[in-house]
Every structure is written in C-alpha cells, then in structure tokens.
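To begin, one chain is listed below as structure tokens, in the form predicted on its own.
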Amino acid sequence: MWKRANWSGHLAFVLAASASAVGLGNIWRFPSQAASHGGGVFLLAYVIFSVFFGIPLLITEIALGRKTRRSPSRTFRRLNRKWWFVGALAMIIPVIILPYYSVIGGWVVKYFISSFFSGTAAIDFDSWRNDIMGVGVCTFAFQLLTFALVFLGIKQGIEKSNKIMMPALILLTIAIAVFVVLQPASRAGIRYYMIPDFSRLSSGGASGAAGLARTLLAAMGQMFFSLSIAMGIMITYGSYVRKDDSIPKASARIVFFDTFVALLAGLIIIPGAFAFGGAELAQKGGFQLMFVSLPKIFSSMAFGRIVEIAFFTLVLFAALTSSISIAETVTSSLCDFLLIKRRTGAIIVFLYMFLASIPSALSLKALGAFDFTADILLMPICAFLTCFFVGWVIKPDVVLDEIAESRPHARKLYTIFIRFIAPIFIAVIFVSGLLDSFGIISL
C-alpha cells in the first residue's frame, strides 16, 4: 500500500489548493458571466458568495480529508459505512472531468506554442480542431506534463511545480491587467465591469427583480464551480494537510487567490473586448472567446504579440495546475481503493486519461456531454449529499472539532449553514442549471 505524504507546510498547501481552484473557468467563464449579468453587480454578488459560502464549504471538505487521511473514495466510508456511495460519486466526478479537460489543455498548448511563432490570430480554430493528428499531439503533450508532475509525488512534483506556476500565474495576470487598464479604449469596459449598475439588470425585457435573480444564480453557480468544490479535490488535498495547520485560514486564502485571479481576468478580457467589439463580444464565453475572439483582439493591440505570449502562458499554467489536481485526486482514490503503490496508480491514470480523451478530442458534442454530466448533474448532487452527510449523519461537530473551533456562536452558525442554508442554495443551483441547459430559463 502507498504511503500518504504531507504538504511541507501551510504555504505549500495554500498554493496547491489555490492553483487547483484557479483554472480555465476563472479565465474564460468568469469574464463572460460578469459581462452577461450586469458587470459590477455580478462582481459584487460573486465576492459575497465566495466569502460567506465558499469558505465554509472549503473548510468542510478539507476537514473531512484531514480527519480521515483518505481520498474521497474512502473518506465517507470511513466516517459511516452506509454512506460509501457519496465517496464513490466524489471519485467518479474527476474521473469524468480529467479526459475532456486534458483535450482543452491540448488546445491551450497549441495556442501557447503558436503565440511564439506565427501568432494565434492566424489559427482557424474550427479547422484546426478537426485536425486529428494536431489535436492528438497537443493533447498528449498536455497529458504527459500532467502525468510527470503527479508521478513525481506531492513534494517533488505538485508542490515544486505550484511554487513556480502559481506565483508566475498571479504576476502575469497582474501585468496583463495593468497593461489593458492603461489603454484609453478600455475605459468603457472598466466602468461596466467595476461599477455596479442595477439598471442593466432590466435589459432584455426582464424586470429588475428577474434580472437580479438571474445574476445572483449565475454568481452563485460560478463561485461553486470555480472553487473546486464537490470534485473530491479538496478532500484529497486536505488528506495531506498537517494537523497543526489552520484549515479556516487556508480556506480564506484559497478563496482570496481564486477571487483575485478571477477579478483580474475580467479586467483583462472585458475592457479589451469592449474596446474592439462592445458588450456583445465581452459576453461570449468558452471556446469562441478564448480561441477566436481574443487572438484577433491581441493582433490589433499595440505590443499585442507580447501580451499574447504572456496571456497564453498564463492560460497554460491555469489549465495545468487544475489538471494536476484532478489527476492527483483520481490517482489518490485509485491507490486507496486498490491498495497499490502511488507510481503504479499514476501510470494507470495516465493510460486511462489518454484513452478516455479520444471521444472528446474527436467531437465537441462528446466533450459537452461529459461536461454537462459532471458540472451540471453530478457536482451539485455530490455537494448536496456532502452537506446532508455532515449536517445530519455524522453531525457538524466532527468538522468543528477537526478545525478546533470552540466559539459557541461560530459553531452554531456553521451548524445552521451546513444543515439548512448550503443545501437549499445548492438545490437552487442544481435546478436552475438544469432549466438553463434545457432552454427553459436563461442564465
């Protein structure tokens, strides 16, 4: 059986967990969501939800991992044998995400390399995506990078890489954001993004109340998915946390770094998009924004090639740090489940990641189906069951005692949150996500 390692210190854990949370969702999803839901109003709602919901949910998952010293596949079983299925669900989610995420990582590799040579604006994304050999080579390169860092282990691989990539990611984000903000043409976008204006919520024929409700739901959903909650990652990373490290402090710092990068990503993309294409371009999310619109914007900017190189280096680091955390969660769960050595588990996960990524590499529909299954269906269900498990099955004292929280008012507030508030909000996210996916409502 493999020997479970520890993070070398508090900073190492915070950087690793923050690197997991800071992913492609911060860079391409957050700005488009902000642009589509009132700019500054969305921003304000997101920060509030991150502080009052994100931190307690992170504390819960990290504490469960540290208490059991197990991966998700064993954590719930260890605390209550009848609830083993929640651990199984938490293990399945990263298993689904890892292959298709590595395909997107392969696209990022292509754009990262091209930014140094011919430039990314010259790439016809739709045509290149149908180049099976090109997509396959780039995807394999991204998978190999992920595998190598997981194979090296917690301290030699994940810790060391995150100590380089996470600070570099933050510095790159700050530098590009400062450059964009200083451009005269970006002022309208900055005002839209940074200043809350509730009158924008009444656009599209919706009443102010309906627009506000959509904005709050969008901000809540973005917070939920951005922080790597209900993916088994924070339970896994929590299982490596030393007993003398403060989980509440770590959780607050993770939320800070994740929110900070997301806010700066909005400053990079929304003002630039406003300057070259207006609000409609800023509201485009996903593949079109990242791989079609932004390269054209960079090609039109002064010093655009330098900005382009810096940006796609930032995107590569964000994609890789998240991929590492997902692969580590799958590896840890596999090792705990089969009682095999860590490096053996890493090799098995690498082979699985390569083979299982083929459908997503060949078809956007397949990629979208996997994303829908993991993000819209399984993650909210897993989060709801986790809250119910802690709140009503093992009781909140298990988490509170693990984090050494002794203040009566704090214990009472956490109990109310985990038993009532969080499950209700997660259920709302789940239902609204389904309705949005089927076109019944628009978020």
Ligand code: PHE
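No experiment lies behind these values; they were computed from the predicted model shown. The numbering used is simple: start at 1 and walk along the sequence shown.
Keep in mind that the form predicted in complex with ligand PHE is not shown, yet the notes after this line are about it.
### Task
Tell me the stretch among 431-439, 19-27, 5-13, 418-426 that has any heavy atom within 4.5 angstroms of ligand PHE in the predicted bound form.
One stretch meets the cut-off, namely 19-27.
### Query
Can any non-hydrogen atom of Ile97 be found within 4.5 angstroms of ligand PHE in the predicted bound form?
Ile97: contacts ligand PHE in the predicted bound form.
### Query
Looking at the partner-bound form in the predicted bound form, is Phe76 within 4.5 Å of ligand PHE by any heavy atom?
No.
### Task
Answer for Met231 alone: is it within 4.5 Å of ligand PHE in the predicted bound form, judged on heavy atom distances?
Contact check for Met231: yes, within 4.5 Å of ligand PHE in the predicted bound form.
### ligand PHE contact in the predicted bound form: Ile326, any heavy atom under 4.5 Å
Within the cut-off, so yes.
### Query
What is the one choice in Phe225, Phe291, Phe298, Tyr193 with a heavy atom within 4.5 Å of ligand PHE in the predicted bound form?
The option sitting close enough to the partner is Phe225.
### Task
Counting non-hydrogen atoms within 4.5 angstroms of ligand PHE in the predicted bound form, say which of Ser115, Ser239, Ser161, Ser322 makes the cut.
Only one option qualifies, and that one is Ser322.
### Task
Could you list which residues of 109-134 come within 4.5 Å of ligand PHE in the predicted bound form, counting heavy atoms only?
Going through 109-134 in order - heavy atoms within 4.5 Å of ligand PHE in the predicted bound form - there are no hits.
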